[in-house]
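Only one chain is given next, in structure tokens, and it is the form predicted alone.
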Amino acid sequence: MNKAVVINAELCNGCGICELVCALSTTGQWHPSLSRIKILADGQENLYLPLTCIHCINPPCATACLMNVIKKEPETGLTIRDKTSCIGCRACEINCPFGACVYDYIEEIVVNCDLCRGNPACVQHCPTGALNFMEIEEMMGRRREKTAHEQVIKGMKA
């Protein structure tokens, strides 16, 4: 799988639907604290930034794991965990620079987004289109186009 959840923070209104449907689809609980996606909010500036696991090439969470239960899945590139061997020490949670490791207080383990194995619930239910699930190459192409467009606009203003 060479796909990722692509976040357009400019479209996020902080509604929290992504958090709720994630928690429901992964735990059966309707509680945002169990979600594998989190929305960082700056209420004063009306800015919202959804964050989720980006499945790092060399995941810091795996390095920090005391039980060595976090691995890269070669076929998909996902950062996955052996949940049966996790002791819930939260070392991975502390070491993740993106805050993407989430403590599941019901199962007393740490979890992360697994992209719903190719059909992310958060993306399906995002009412504003702030979340998209797309090929990484397509995402990079869009970013290059956006950057090029911004540079042209800057040049025209100068």
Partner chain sequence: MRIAVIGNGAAGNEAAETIRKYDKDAEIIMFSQEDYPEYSPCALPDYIAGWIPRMRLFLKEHKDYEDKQIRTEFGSRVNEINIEKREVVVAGKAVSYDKLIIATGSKVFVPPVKGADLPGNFVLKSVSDVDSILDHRPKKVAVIGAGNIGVEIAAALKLQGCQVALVEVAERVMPKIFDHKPSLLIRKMLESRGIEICTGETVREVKGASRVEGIASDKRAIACDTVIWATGFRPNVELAQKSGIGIGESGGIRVNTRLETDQPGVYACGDCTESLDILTGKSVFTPLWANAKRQAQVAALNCIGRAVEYEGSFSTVIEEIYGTVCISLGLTGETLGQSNVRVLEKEDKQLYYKLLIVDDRIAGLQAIGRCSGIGAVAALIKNKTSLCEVQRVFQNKALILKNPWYLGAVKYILEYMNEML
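Since the model is a prediction, treat every value here as computed from it, not as a measurement. Residue numbers count along the first chain shown, from 1.
One more form of this protein exists, namely the form predicted in complex with its partner chain; it is left out here, but the text below deals with it.
J.: If the criterion is a non-hydrogen atom within 4.5 angstroms, does every one of V21, W30 and I80 touch its partner chain in the model of the complex?
T.: None of them does, since no heavy atom lies within 4.5 Å of the partner.
J.: Closest heavy atom of C116 to its partner chain in the model of the complex, within 4.5 Å or not?
T.: So C116 does not count as contacting its partner chain.
J.: Does E93 reach its partner chain in the model of the complex, with heavy atoms at most 4.5 Å apart?
T.: Close contact exists here: in the model of the complex, E93 approaches its partner chain to within 4.5 Å, heavy atoms only.
J.: Is it the case that T128, even though its partner is missing from this view, gets within 4.5 Å of its partner chain in the model of the complex, heavy atoms only?
T.: Output for T128 is no: heavy atoms all beyond 4.5 Å of its partner chain.
J.: Taking heavy atoms and a 4.5 Å cut-off, does C15 contact its partner chain in the model of the complex?
T.: C15: no, not in contact with its partner chain in the model of the complex.
J.: Can you name the residues of 81-99 that have a non-hydrogen atom within 4.5 angstroms of its partner chain in the model of the complex?
T.: Counting only heavy atoms within 4.5 Å of its partner chain in the model of the complex, the contacting residues of 81-99 are T84, S85, C86, I87, G88, C89, R90, A91, E93, I94, N95, C96, P97, F98.
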